[in-house]
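First comes one chain, alone, set out as structure tokens in the form predicted on its own.
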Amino acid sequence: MHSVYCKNISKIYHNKKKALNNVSFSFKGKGILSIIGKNGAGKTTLIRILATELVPTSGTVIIDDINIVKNPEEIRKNIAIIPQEARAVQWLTPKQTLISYLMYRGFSYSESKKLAIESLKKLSLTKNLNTLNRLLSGGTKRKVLVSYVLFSGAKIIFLDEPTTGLDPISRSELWNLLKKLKDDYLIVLTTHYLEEAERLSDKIILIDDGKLVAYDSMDGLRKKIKYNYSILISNNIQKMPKFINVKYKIIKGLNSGYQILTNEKDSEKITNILIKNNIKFSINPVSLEDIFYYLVKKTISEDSDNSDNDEY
């Protein structure tokens, strides 16, 4: 059973920019913990602190009962990080790359060779064992990077935007791989793909401007915004019909149409009115993208109207 405990983590850089501002959360068990936010929100700073690459300006971080701020060396044998900028060495093969990495982590050559082959086999990369990294597809290169950590002795993996720049097929393949790995590892990842976080995560941390805005499961986040259904009207309509005695919020201009956020009970009343007015629509549970924009807007807009039956 793994555990991550953060209390009042702050990070101020030399330019006096506060990248993190009193961030607190805790997580127990295996699975995927995702960190989301806008560019510059503090995602990479937070994951680098958790992976002992950065020291926080203040606050406490305890991973598996180890205070990693005071004793970073004690946790490093149990963790592995693949930074956003990580690249497989172009003139090496996946097998050579992984052997080098495992030897760096303290394994003998014979152990490293055996583990490298096992790891690459587990990721269905056997046919690429001796292919130069520069000849591999983008998705396969990322798989090679993930293979580093499978037999490294680490059970806590940090991935900083692992699918950035991948095509949709390669991204989907890596998602499937991470879904399999989360049964055996605690994976902490940052991503700006909200669909990725929604599909993969057991818990999601949403930070904005260095502050923690929300931390929960998808179901928990849906409850936070009080609207758990999204009705999309993609076509232009002359006038929105009136909805009486229901709770809802209308968002204008989403994909050149309208979005109505509401609850399960009132969604039926609203959709019946739309049908009577011959307005085409689709209805789904609110997505992480809906939640993200709703919570971040409330955070950055002091004058946002939080009353029911309003528009913005």
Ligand SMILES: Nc1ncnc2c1ncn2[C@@H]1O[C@H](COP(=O)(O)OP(=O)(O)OP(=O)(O)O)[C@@H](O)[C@H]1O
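None of these values were measured; they are calculated from a predicted model. Quick note: we count residues from 1 along the sequence shown, nothing fancier.
The following text describes the form predicted together with the ligand, which does not appear among the structures shown.
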> In terms of non-hydrogen atoms within 4.5 angstroms, which of the given stretches 60 to 68, 280 to 288, 267 to 275, 35 to 43 touches the ligand in the predicted complex?
Replying inline: 35 to 43
> Between the options 224, 122, 114, 192, which residue brings a heavy atom to within 4.5 Å of the ligand in the predicted complex?
Replying inline: 192
> Which of 228, 84, 234, 172 has a heavy atom within 4.5 Å of the ligand in the predicted complex?
Replying inline: 84
> With the cut-off set at 4.5 Å between non-hydrogen atoms, does residue 19 touch the ligand in the predicted complex?
Replying inline: yes
> Hey, in the predicted complex, is residue 161 touching the ligand, heavy atoms inside 4.5 Å?
Replying inline: yes
